[in-house]
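Below, in structure tokens: the form predicted alone, a single chain.
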Amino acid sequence: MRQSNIGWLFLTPATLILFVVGFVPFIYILYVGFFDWNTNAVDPTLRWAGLQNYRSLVFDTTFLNSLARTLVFAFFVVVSELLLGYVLARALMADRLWGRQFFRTIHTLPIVVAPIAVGATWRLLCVPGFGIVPYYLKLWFGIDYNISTNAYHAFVTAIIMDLWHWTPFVTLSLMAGLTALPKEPLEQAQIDGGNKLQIFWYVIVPMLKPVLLTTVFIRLMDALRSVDEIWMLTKGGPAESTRFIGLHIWINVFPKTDYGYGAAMSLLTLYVTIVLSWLLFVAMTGRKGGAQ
């Protein structure tokens, strides 16, 4: 009993911090979401709106398009990073790879770069008439690459930029998981005559599932809230082709100062993120409740 009290005493500071930085802002956003509050409007005062902000979201095509675009973006980057991260993890773990430590260091460097610097760097690389990407794509393939006027080029570039930035994180996570796997089940599967694909699917993937689940959750949440990188790269354009939901909320909350509507969008996005995470959890574990 005494040890239990001491444990709660040590947990109290962390619990208070989580309450202040997590629960209190959430309650405040929930509160603001029920009001019409725009400091740039004719009447900037806080006025009760009930569920009007949420009703408006259902018919807001810009919001719905941004949400759909974000889900497509998140699907491509999470799946691609998972596949690339696994291949790179196995390659960097190979004993025969010359300069393995050097490649690991080079591969990890993008993680430490700030997102806003990543966006600025890729903007310089891709800006028409100045960047090396449009220059060589035109020179080698005859492609008139322009992220300022071509929606497809801008969207694909946003995906490639995210892959460059966050695939190393997936690689490191999977390397840690693969290194910790017990060797006995793998050896037993080889003795039983399993080929590489069967060993991967029926032995490695089940044992690696906790790491995969955690990695996918982290990357999914990051992909759904991309703002700074996209803003620096394309500012959401052209023609809103890269205006993802995080950027759309930011534009409504700060430049437009539509706080009530922005709060409602934030809460709806949070709800979508929770539902997606739960569906992923059920799909990857087959369980509908918590850990068993």
Partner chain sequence: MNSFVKAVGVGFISLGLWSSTALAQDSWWKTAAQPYQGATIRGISESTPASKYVEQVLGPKFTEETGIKVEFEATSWDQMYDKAIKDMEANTGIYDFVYIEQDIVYTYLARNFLVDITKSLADNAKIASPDFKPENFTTFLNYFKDPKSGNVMGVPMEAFIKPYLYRKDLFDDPAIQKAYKDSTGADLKPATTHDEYTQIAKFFTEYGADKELWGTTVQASSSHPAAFYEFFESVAPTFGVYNWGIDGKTFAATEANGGQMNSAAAKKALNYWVGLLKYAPPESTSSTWDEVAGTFAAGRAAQGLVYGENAAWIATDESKSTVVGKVGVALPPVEAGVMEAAESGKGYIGYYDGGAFGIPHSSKNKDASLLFLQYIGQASVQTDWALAGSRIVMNSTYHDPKIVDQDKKMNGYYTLMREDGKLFAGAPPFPFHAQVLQVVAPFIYKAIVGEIKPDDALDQAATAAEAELVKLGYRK
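Positions refer to the first chain, counted from 1. Computed from a prediction, not measured in an experiment: that's the story for all the values here.
If you look for the form predicted together with the partner chain, you will not find it shown, but the lines that follow are about it.
- Taken together, the three residues S80, R90 and R104 lack any non-hydrogen atom within 4.5 angstroms of the partner chain in the model of the complex.
- A residue is said to contact a partner when one of its heavy atoms sits within 4.5 Å of a partner heavy atom; L30 fails this definition for the partner chain in the model of the complex, lying far away.
- Although the partner is absent here, D228 lies well away from the partner chain in the model of the complex, with no heavy atom inside 4.5 Å.
- Within 4.5 Å of any heavy atom of the partner chain in the model of the complex lies no heavy atom of P115.
- Using a 4.5 angstroms threshold between heavy atoms, I251 counts as touching the partner chain in the model of the complex.
- A single residue from the set P182, G129, G193, G142 has any heavy atom within 4.5 angstroms of the partner chain in the model of the complex; that residue is G129.
- Residues N146, S148, T149 are the members of 139-167 with a non-hydrogen atom no more than 4.5 angstroms from the partner chain in the model of the complex.
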